[in-house]
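One chain is shown next in structure tokens, namely the form predicted alone.
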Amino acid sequence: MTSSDKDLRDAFFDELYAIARQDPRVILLTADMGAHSLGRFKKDLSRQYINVCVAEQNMISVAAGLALGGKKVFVYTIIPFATMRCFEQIKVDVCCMRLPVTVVGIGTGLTYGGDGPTHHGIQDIAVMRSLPEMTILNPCDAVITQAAARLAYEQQGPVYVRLERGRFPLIYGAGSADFSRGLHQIREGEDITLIATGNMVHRAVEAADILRKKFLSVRVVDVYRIKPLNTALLIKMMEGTKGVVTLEENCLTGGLGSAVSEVLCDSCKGIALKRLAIPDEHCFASGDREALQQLYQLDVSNIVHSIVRWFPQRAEHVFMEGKEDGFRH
């Protein structure tokens, strides 16, 4: 994989800027937030950019009012403040009227590791999944993050976009995938389907490459639209393997793993499922993101060993002894 030289925030807001230049209906509201690419909004599109300051709940209500007046509105702030602090406003002011408001949250998972539970973005998927009208996008690299801006713009109702901070390796090439499908298979495999979202897609690819050397063939699926799930395509991508593992930097309750388990249950598919996520607890440990991922066994080494320990049919024996014994594909 090649690395991107663009911060994922800039990939999103550069595309939104291009859209807004063509469509004066597009309005961006921020709650005193910064990003390099926002400077052009303030300079060139000052009538389409409003800083409401630290007043997130009011920001959602202002966005709803603008949407009722015919605007396509994007709001931007840190994930817990964009979702849990504003849940009632999003539910009542935006979702109940199916208004074209896109909530853009920055700082997925344990991005703000040193700031504690107030800043962790690990319960937001569960919260936003509970809203019937909501579309949830969770991109993993600059290419699909750029595409997410246009996907959100083209939606007729509420959208929630989870943005990563920083630069990540490219999973997708320009024009390489149909992002309207909601998920994409990025690795072939026959033993296990490893389903990931957001930054954990990169961990999934690394883990799959290691497991392949250890005689486990792992199919990797990126779910970048968590809601609505493309259920038919997801089932097709899970079929033919002996087990399914979900991987996310979110709370175990209500996230991607929960969504996949619902699909398996509702479709009566008898496929074994293992969910890898943050336990159902607040994280009071302080540290950078990598340290906290290791604490919760979401680093590549722990992901590999978790899969090996769980996978049936003597996977652990094969892994530890290095014997093929029918696991090479």
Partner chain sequence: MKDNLNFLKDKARQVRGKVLEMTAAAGKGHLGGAFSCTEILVALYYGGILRLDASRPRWEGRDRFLLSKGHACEALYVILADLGFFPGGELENYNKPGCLLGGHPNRSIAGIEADTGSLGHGLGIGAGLALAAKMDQKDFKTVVLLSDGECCEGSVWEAAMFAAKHKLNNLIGIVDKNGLCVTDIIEDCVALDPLDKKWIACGWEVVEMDGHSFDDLLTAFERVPSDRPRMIIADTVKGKGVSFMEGNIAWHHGVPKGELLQQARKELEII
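Numbering follows the first chain given and starts at 1. Source: prediction; values computed, not measured.
Heads up, the form predicted together with the partner chain isn't pictured, but that's what we're talking about next.
Using a 4.5 Å cut-off to the partner chain in the model of the complex, each of 50, 62 and 99 places a heavy atom inside that distance. Shown alone here, residue 92 lies within 4.5 Å of the partner chain in the model of the complex, counting heavy atoms only. Shown alone here, residue 57 lies within 4.5 Å of the partner chain in the model of the complex, counting heavy atoms only.
The shortest heavy atom separation between residue 219 and the partner chain in the model of the complex exceeds 4.5 Å. In the model of the complex, the partner chain sits within 4.5 Å of a heavy atom of residue 68. 27 is the sole member of 304, 27, 277, 263 with a non-hydrogen atom lying within 4.5 angstroms of the partner chain in the model of the complex.
Residue-level contacts in the model of the complex: of 239, 88, 154, 188, one residue has a heavy atom within 4.5 Å of the partner chain, and it is 88. Comparing 279 to 287, 42 to 50, 266 to 274, 293 to 301 against the partner chain in the model of the complex, the single stretch with non-hydrogen atoms within 4.5 angstroms of it is 42 to 50.
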